[in-house]
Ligand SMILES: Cc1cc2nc3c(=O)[nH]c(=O)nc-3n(C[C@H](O)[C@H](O)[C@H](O)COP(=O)(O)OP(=O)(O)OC[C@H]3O[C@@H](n4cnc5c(N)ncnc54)[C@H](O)[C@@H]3O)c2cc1C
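Next comes just one chain, in C-alpha cells: the form predicted alone.
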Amino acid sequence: MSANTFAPVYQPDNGKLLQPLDHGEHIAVIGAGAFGGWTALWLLRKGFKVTLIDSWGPGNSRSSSGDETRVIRSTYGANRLYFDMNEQAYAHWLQHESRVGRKLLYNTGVLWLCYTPDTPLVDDSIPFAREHGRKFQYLDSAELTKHYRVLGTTGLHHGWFDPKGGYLLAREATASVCEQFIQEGGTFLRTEAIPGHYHSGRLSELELSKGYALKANAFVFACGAWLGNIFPELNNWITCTRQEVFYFGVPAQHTDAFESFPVWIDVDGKDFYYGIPANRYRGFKIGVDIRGPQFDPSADNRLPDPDVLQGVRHFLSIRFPLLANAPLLESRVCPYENSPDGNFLLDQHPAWENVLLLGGGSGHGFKHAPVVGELAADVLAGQRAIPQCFLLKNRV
C-alpha cells in the first residue's frame, strides 16, 4: 500500500480514446499479477480471444502480488478518482468471492493514526465517504487507549477509523483470478515473453522462452516491477524499489486483542508504517512504505535488512509495546513498481500503437485491480477513454 496523496484528478471529457479492436481478435496479456489477471478476465468476458502469460505464475513469490495479504482502503486525501475507484473495486472483489466460492476480502476496517490536529490525507477524504453513505469515527488519544488496549498512543493526536476496508488475501486472490480466467475459456502460458518482430508501428509477435513465437492482434504488458526492464526506452519511468515486510509472533495471552485489531496506517509523514494484525494467523504484519533502494525483482535476494528491521522494532516498542521483544516469524520483500507521481500507467507504447502499457501500481495498486483491469478492457474495446492522469504524456 502507499499513503501518498495524488494531485491529478480525472476529467472525463479530456481522456484518450483508442481505436477499438474488433470482437474476437486475439489479445496477449503479459503478466498474470493483479492488473494483468483482471485485464485478461475482463477482455475474455468481452468476447476477445485472450492468452495470459507469466514467467513464474500468478501470485508467485517474486511478484508485487505475491505476499499473503494486501490492504484495501479508499482514503486518498482530496483525490476523488482513487476513492471512487476503490469503492467500485470493493464491490468487484465481493462479486468475485461469490463467484469462486472463496473468502478473499476481510473487512476489519482501517485505523488511521494521526500526529497533528489536521491530517489532509484522511480529512479530505471524509466528504467522499459521506457521499458513499459511511461515516469515519474520530477517536482522541484517550478513546484510542480505551478501544485498542494493545496500542501505544505516544505522539498521537487522534485516530480516524474507517469501517469499510481491511485486507485481501493477495496471492490467493491473484491465483483465483487466473483460475477463473482459465475456467471461462482463456489460455494461460507459464513462460517468459519479450517483444519480438514489429513493423509499421505495430508489434506482431512475442518471443517465448519455450522456443516459439506467439502472434496476436494486440498486446497488454502488465509486467509490474519488470515493466521498466522490458521497455528501457521509457527512461526508467517505472522504477522498482525494495519494500520490506515483517511478520511477528504475538504473545499467546493477547492473540484475541491482536486478531481483532483493524488494519492500521501510521501517518507520521516519514516512514508511513502500516500493518495487518489479523493476517489469517500468519503473525502481526508490518510494512515500511517509505521508498527503499532500487531492486531487481528477478535476481536480488530477499533477506531482511538489519537496519530496516531495527527501525521496525523501535517503532513497535512505542506503538505496540507488547511486541517490543516479539519473535520475527517471517520476512518478505514487496517490489514496488513506482511511477514518478504515484498514478497508475495506462497508455499506448510510444512506438507501437497495438501495445498497451499497464502498471505503476506504486504500492497501492492491488486493491484497485478489478477496476483497472475493467478500464483497460473497455479502452481496448473502444468503450471508454483513458484518464489523463494515467497517460505517459508529460510524465516520461
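As the structure is a computational prediction, the values presented were derived from the model and not from experiment. For every residue, the number given is its place in the sequence shown, counted from 1.
Another form exists, predicted together with this ligand; not displayed. Remarks below refer to it.
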*Report yes if any heavy atom of G159 sits within 4.5 Å of a heavy atom of this ligand in the predicted bound form; otherwise report no.*
no
Review point. So, in the predicted bound form, is A34 in contact with this ligand at a 4.5 angstroms heavy atom limit?
Key: yes
query = W226 near this ligand in the predicted bound form, any heavy atom under 4.5 Å?
reply = yes
Applying a 4.5 Å heavy atom distance criterion, does S331 contact this ligand in the predicted bound form? no
Checking S55, T51, N343, N354 against this ligand in the predicted bound form, the residue with a non-hydrogen atom inside 4.5 angstroms turns out to be S55
From V177, V71, V312, V122: within 4.5 Å of this ligand in the predicted bound form by heavy atoms is V71
Among 323-331, 359-367, 346-354, 40-48, the stretch whose residues bring a heavy atom within 4.5 Å of this ligand in the predicted bound form is 359-367
Any chance I230, Y274 and Y336 all have a heavy atom within 4.5 Å of this ligand in the predicted bound form? yes
